[in-house]
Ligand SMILES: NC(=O)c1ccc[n+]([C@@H]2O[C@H](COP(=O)([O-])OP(=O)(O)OC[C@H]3O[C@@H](n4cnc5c(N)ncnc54)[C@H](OP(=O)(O)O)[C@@H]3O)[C@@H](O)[C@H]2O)c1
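As structure tokens, one chain now follows by itself in the form predicted on its own.
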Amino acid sequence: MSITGVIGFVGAGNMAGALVRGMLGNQVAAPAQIWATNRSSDERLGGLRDRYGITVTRSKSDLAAASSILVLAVKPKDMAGVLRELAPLVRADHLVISVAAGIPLRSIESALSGVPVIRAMPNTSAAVQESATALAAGMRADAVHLAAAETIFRAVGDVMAVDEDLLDVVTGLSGSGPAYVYRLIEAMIHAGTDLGLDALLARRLAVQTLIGAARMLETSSEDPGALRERVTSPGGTTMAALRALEDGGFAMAIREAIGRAADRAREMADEFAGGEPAKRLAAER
């Protein structure tokens, strides 16, 4: 499936670049269908234009006028200003997609009255087209809007739709998840080098172990517990290692990490909805 119309990116950072690369590489859109703007970096915009042949502009007004889909690829702290600028520019026939963590649909819909909105929670693996992305549709977004968003994010990985009340947990599990995996690999490498392996060899072994285990999970109908049991011989090395992990509180630490990330996403939503950004937006409407 391909996208019709123009997709306008507000924000030209890493996520925008990953989405542009994925869409072009998977023929979801042509260069002429992609526009981008950002707050201040002409160098970033010029890089996207030169690399991908897309249209870049310093004018949000021009971008909004040309686009049928607006992707808000900005940091949460910048969202209030972006919504304030876009409020007089958006049309009822726009689809707005936000990738900003912790900014609730109700806040975006309130600022951009009458416009369909979808929240997306991808992760940084979009850079290699292996993101896990969850989508939550707002009150005015219908099946057609959701299908368009799915098409965009499927270009950089797997996509699933969830209710918005689950999106904070998604943020904790998969949105922040790459960092947990990197920390695990980092710890495995350090353990290997502490026990005598060359650093490059330890890295190669750890990374390939992760890739192989993930591929096994991807291609197997068995759940992770069954696969774990299959490679854990009674009294063997793997059992000894797993006991050490559990003695160290491994499973509970992961549960606590995901829970804390989800809690922080909820706090960010509350801060945005009830804090100064929301008050400024309300005062200006």
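All residue numbers are counted from 1 along the displayed sequence. Note that this is a predicted model, so its numbers are computed, not measured.
The protein also exists as the form predicted in complex with the named molecule; that form is not presented, and the subsequent description refers to it.
- Proximity to the named molecule in the model of the complex, taken as a non-hydrogen atom within 4.5 angstroms, holds for one residue of V90, A101, A141, V169, which is A101.
- Comment: the named molecule is not present in this chain, but in the model of the complex one of M121, A155, I97, L112 has a heavy atom within 4.5 Å of it, namely M121.
- No member of the trio V6, R21 and G53 reaches the named molecule in the model of the complex with any non-hydrogen atom inside 4.5 Å.
- In the model of the complex, the named molecule sits beyond 4.5 Å of every heavy atom of E130.
- None of the heavy atoms of E186 is located within 4.5 Å of the named molecule in the model of the complex.
- Although the partner is absent here, S233 lies well away from the named molecule in the model of the complex, with no heavy atom inside 4.5 Å.
- Although the partner is absent here, A265 sits far enough away that none of its heavy atoms falls within 4.5 Å of the named molecule in the model of the complex.
- Comment: 76-84 is the region of 211-219, 195-203, 141-149, 76-84 lying near the named molecule in the model of the complex, near meaning a non-hydrogen atom within 4.5 Å.
- Contacts to the named molecule in the model of the complex (heavy atom within 4.5 Å) from stretch 43-65: R44, K60.
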